[in-house]
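Just the one chain here, the form predicted alone, laid out as structure tokens.
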């Protein structure tokens, strides 16, 4: 399935959905999703790193991390709308039994549940990559939850657009301990933190303690993953060793960004 052209209509629609408003897009049906890209590659992150998987990347996000590695699903949402049946047919074309629903933030879209149910009916293993601020009741085999730390906030100095207008909104929305606890109670879950440096670790430990206090569901240290920030090999060369040492020091699990190591920042990987 090709990546569609950028359209103002898509950006406006997903922005309304980000804000929890109904879409008035002509022809938008309840079972359609705004898709930025669909491709088969290796899972690059987390406990399933290295597993051949079909990636379905939706457009639209309720946050705006300054280091977002899918800029065209958040800061400038692009893509086109596809029904669930068409997406399942496209997924079936690949020789892989794992599907990763990612974004953007896929769980802001109602139809993500329809897609996950259709994939479960066909026997696919599903991973959902989510920022942990939205809960959905759906057949999810692995909730790969990436809570956003204070270092993700797009301050004026870090905003890729240069104006800082999203900083306050992002800061208000980026953490929801109650939702994190619900996800942990309902799904097999990994907490995957993007780490920009040693200054992030105290916040991670505080958040892990808060989540553990909010639920009786277990959250062992090996389900807490530290991942180096970086969209390119050059940037990962600056961050990976520091993050690996932090994982060893704190007893958490280190996760690589295998797709960046293999293909740098190429799309569709």
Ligand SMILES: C[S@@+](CC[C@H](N)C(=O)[O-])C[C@H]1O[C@@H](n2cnc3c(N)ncnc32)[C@H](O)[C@@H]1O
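Model, not experiment: these values are computed from the prediction. Residue numbers count along the first chain shown, from 1.
Separately, the form predicted together with the named molecule exists; it is not shown, and the next lines address it.
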property	result
Partner-facing stretch of 112 to 120, 176 to 184, 129 to 137, 157 to 165, counted where any non-hydrogen atom is within 4.5 angstroms of the named molecule in the predicted complex	129 to 137
Contacting member of 222, 234, 205, 69, with respect to the named molecule in the predicted complex [4.5 Å, heavy atom]	69
One residue of 143, 194, 99, 87 in contact with the named molecule, assessed in the predicted complex (non-hydrogen atom, 4.5 angstroms)	194
Partner contact for residue 148 in the predicted complex: the named molecule, 4.5 angstroms, heavy atom	yes
Partner proximity in the predicted complex: residue 33 to the named molecule, non-hydrogen atom cutoff 4.5 Å	no
Heavy atom of residue 104 within 4.5 Å of the named molecule in the predicted complex	yes
The named molecule contact in the predicted complex: residue 200, any heavy atom under 4.5 Å	no
Contact test, all of 57, 227 and 257, partner the named molecule in the predicted complex, heavy atom 4.5 Å	yes
